[in-house]
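Form predicted on its own, single chain, as structure tokens, below.
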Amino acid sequence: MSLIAVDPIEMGAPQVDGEPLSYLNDGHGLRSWLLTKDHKRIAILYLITVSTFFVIGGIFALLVRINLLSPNGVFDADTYNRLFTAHGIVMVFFFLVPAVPAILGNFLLPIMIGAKDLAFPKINLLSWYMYMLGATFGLIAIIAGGVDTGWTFYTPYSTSYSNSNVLLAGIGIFIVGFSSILTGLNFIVTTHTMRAPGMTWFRLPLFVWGQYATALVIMLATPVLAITVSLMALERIAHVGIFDPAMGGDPVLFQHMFWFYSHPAVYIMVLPAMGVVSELIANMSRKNVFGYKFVAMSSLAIAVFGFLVWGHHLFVSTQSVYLGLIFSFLSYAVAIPSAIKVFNWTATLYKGSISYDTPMLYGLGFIGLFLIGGMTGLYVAALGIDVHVTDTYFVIAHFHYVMVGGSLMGFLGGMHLWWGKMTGRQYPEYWARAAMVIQFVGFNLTFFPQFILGYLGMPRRYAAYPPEFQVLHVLSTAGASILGIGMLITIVYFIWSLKNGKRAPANPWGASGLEWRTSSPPPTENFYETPIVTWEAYEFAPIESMQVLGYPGDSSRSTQPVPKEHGTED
């Protein structure tokens, strides 16, 4: 495949220390980064901090798996409770929820719609500081002895019976929630008001649709979490009877309030990754996404349905059986818009000019893992089966296939697709493909045995188990080790590429979209001219004819694509 290898220096770009002037070197020193209002620099700050918490959460996961190598465990039950709680809190609230929106969304959304920045740059920087503050509270809670309630903080245990750092962790989650709200507000206002001329709603990249739908969920659901955590703290401090039945409260009320946020939060994690996968499938197969409008609307449908299914987490509580039937039906219904995406992605691949580069492998990996997670979701949505598998390893496996397999594959696919755009450097393709395969194998070896464990009745959150389950646990721990090695390889070659990687061209994939019509890395204000969009989303030209927005003095600058025949292959 031939590529346009646009060298910014050859195009006449201003230079700093031999490198083309970009957002990365437009202002030196730590102060310029900590006080920046550039959405791209804020995305890099998020990348550093969120990735750090991913590593911390991964270490806790490996400790959990080491404990489960032996039926009698390595740690005592109380320590084990604190380990899996720390893993859940860090991974859910400090990695999975912010990863794609805060990093890829922050960096790409303004560029994709032709804007110079987000609508509220100062609020964007404030959101990162709030994330740092909240995550620091959570980390202090873990270092100071940990939390032993599980990441769901179920009451009355978290309000009356736990002697761990529940309040510190709750404060951290409360603050991080408001960081997400600020990011969601910025995305909504930016998408409504700052699109380039000609960038109509149905010319938006599907990544933007995913971020927009996610922002709606964040704005509507996260305040409920803030209220829930506040009431939990109030009962714990003032001993007001809200959730504790000993004081006249109702513990099931906490579950309703918590899952009213936390099930939509599943889509806060997955919807942005789905937007990434749409970009991967379209650009790596050089075809318009089949049923573009249906895929776009399915993102909004998922956002709406996500608020109607929280009750399937309470099938074995005091919830009415008749209400359980309604939630069961709605839980099946929410699978429809997700299925629309998977079927349309598959149809997009049909007769496409497919390139099996690393981003595409992650896109296919997402579809495989999300399909397993979605199909097993039908089991836990069925009342009769859910009674059997509730609070077993079946639920853990299902959750990880959807949330970790889906979100992580989407996130890593996006990082590989846009790494050159973000850093100006290319990663080593051979190592990237090898790491992806290792991660895919390791993930399945980790979590597929847990479906069998759960079906056989192994409860989750137990530090010890009957000896007949050991083989499956050993397989799961071996898979976690393989997965960890794959992740380590990815971290190493990303860091290596920052100094030793080849300079990235403006459009290494021959992809569509405005982000590929500016330099790699982009200038501070993204474009030197405001783009005028006259083409449809995912309208591909022969790669040799695609023009790239240049620099002052570059005679080849153009914001218009040259005429093309739709669907032309190289």
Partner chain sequence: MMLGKFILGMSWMLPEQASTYAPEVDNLYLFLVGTTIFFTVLISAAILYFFVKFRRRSESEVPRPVAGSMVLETAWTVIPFFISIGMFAWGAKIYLDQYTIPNDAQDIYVVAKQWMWKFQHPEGQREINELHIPVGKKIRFVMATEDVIHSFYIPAFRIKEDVVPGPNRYSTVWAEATMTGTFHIFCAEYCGTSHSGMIGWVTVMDDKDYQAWLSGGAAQGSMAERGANLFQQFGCITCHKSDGSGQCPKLEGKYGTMETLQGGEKVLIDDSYIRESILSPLAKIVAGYQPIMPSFQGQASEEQLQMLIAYIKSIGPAAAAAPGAGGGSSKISPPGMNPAAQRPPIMSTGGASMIAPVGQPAQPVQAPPQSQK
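Source: prediction; values computed, not measured. Residue numbers count along the first chain shown, from 1.
Omitted here: the form predicted in complex with its partner chain. The next part is about that form.
Each of Ile336, Met375 and Ala382 is positioned with at least one heavy atom within 4.5 Å of its partner chain in the model of the complex.
Among the residues Trp496, Phe290, Trp431, Trp201, the one placing a heavy atom within 4.5 Å of its partner chain in the model of the complex is Phe290. Out of the listed residues Thr477, Ser179, Ser328, Thr423, Ser328 is the one that sits within 4.5 Å of its partner chain in the model of the complex by at least one heavy atom. Here the chain stands alone, but in the model of the complex its contact with its partner chain, taken as any heavy atom within 4.5 Å, falls in 353-361 among 263-271, 408-416, 170-178, 353-361. Taking the partner from elsewhere, Val387 is found to have a heavy atom lying within 4.5 Å of its partner chain in the model of the complex.
For Gly145, no non-hydrogen atom is located within 4.5 Å of its partner chain in the model of the complex, even though that partner is not displayed.
Mapping the unseen interface onto this chain, Gly457 counts among the residues with a heavy atom inside 4.5 Å of its partner chain in the model of the complex. Proximity of Phe75 to its partner chain in the model of the complex falls outside the 4.5 Å heavy atom cutoff. Although its partner chain is not shown here, in the model of the complex the stretch 449-468 places heavy atoms of Ile452, Gly454, Tyr455, Leu456, Gly457, Pro459, Arg460, Arg461, Tyr462, Ala463, Ala464, Pro466, Glu468 within 4.5 Å of it, in sequence order.
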